[in-house]
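Single chain ahead, written as structure tokens, the form predicted alone.
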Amino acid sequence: MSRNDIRQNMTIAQLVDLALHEDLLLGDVTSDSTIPKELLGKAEIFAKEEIVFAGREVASEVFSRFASIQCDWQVQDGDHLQDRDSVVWLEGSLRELLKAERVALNFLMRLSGIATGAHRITSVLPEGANLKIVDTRKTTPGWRMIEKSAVRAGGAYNHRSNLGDGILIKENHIKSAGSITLAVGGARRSGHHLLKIEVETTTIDEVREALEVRADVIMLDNMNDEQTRQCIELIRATRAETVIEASGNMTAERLPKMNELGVDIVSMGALTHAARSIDLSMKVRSTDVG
């Protein structure tokens, strides 16, 4: 198991602990007062619209906290579902099924919403496009690992997972250090040789300075299409191996043009922060099983 797998497993367990505590701090007074303790049942979670599914691992963790619940999953992360397609069949104590219902659905609806949105955005690119669409750190606090997993399920890619993943020198770093040159110099002295250095630029003069100090990645921030074209021509003529990222005011409609211009990466915070939860539902299908 990789370090990222261990970190994600820890994150999922912690999130489920928090979510169940939040929902069941005082118990489920409705289910416990209306449903006989010994009553068993079967329930189904299903899609209520066309989606790309994500969140199986975290929902499985929710259900595993209830001793009676057995899961028969019908899907994997990344599967494309139609309205009314089955996600999972559940069997166990009806009280426990209803206690797990909302917590599991909250995770599945949010994460499937991110995966569905990522798929819709990446689908605008022509087949064989070299451009990669990546997320950012604009994630729900505590949910970063599972939201980034959902981005991948939808067909997009991940940027940094945390501030230790790579050196990204942005406007405030440049202003605080005094210049791009000084900021990159400090990064080279302090960072180890495996860390790439990316510099955010907003003008062609800043791009020139980033090229002079041999930044590994140059981000073109909040530039229009013509400014982007000019900067790409300069970068390719000066240091062709430099990775070019575009960010800021990026929409699905602009992505084919970014691919045409030769941008390598477009980062979009909207993949996570603007995603809507999609519609999933759980229904009890039968009672007194077994």
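When you see a residue number, it is the position in the sequence shown, counting from 1. None of these values were measured; they are calculated from a predicted model.
Below: the form predicted in complex with a further copy of the same chain, not depicted.
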| item | value |
| --- | --- |
| Heavy atom of each of Phe46, Cys71 and Ser123 within 4.5 Å of a further copy of the same chain in the model of the complex | no |
| Which of 203-211, 113-121, 132-140, 79-87 lines the interface with a further copy of the same chain in the model of the complex (heavy atom within 4.5 Å) | 132-140 |
| Any non-hydrogen atom of Arg65 within 4.5 angstroms of a further copy of the same chain in the model of the complex | yes |
| In the model of the complex, Val75 touching a further copy of the same chain (heavy atom, 4.5 Å) | no |
| Thr34: touches a further copy of the same chain in the model of the complex, heavy atom cutoff 4.5 angstroms | yes |
| a further copy of the same chain contact at Gly155 in the model of the complex, heavy atom, 4.5 Å | no |
| Stretch 149-179 - residues with a heavy atom within 4.5 Å of a further copy of the same chain in the model of the complex | Tyr157, Asn158, His159, Arg160, Ser161, Asn162, Leu163, Gly164, Asp165, Gly166, Ile167, Leu168, Ile169, Glu171, Asn172, His173, Lys175, Ser176, Ala177 |
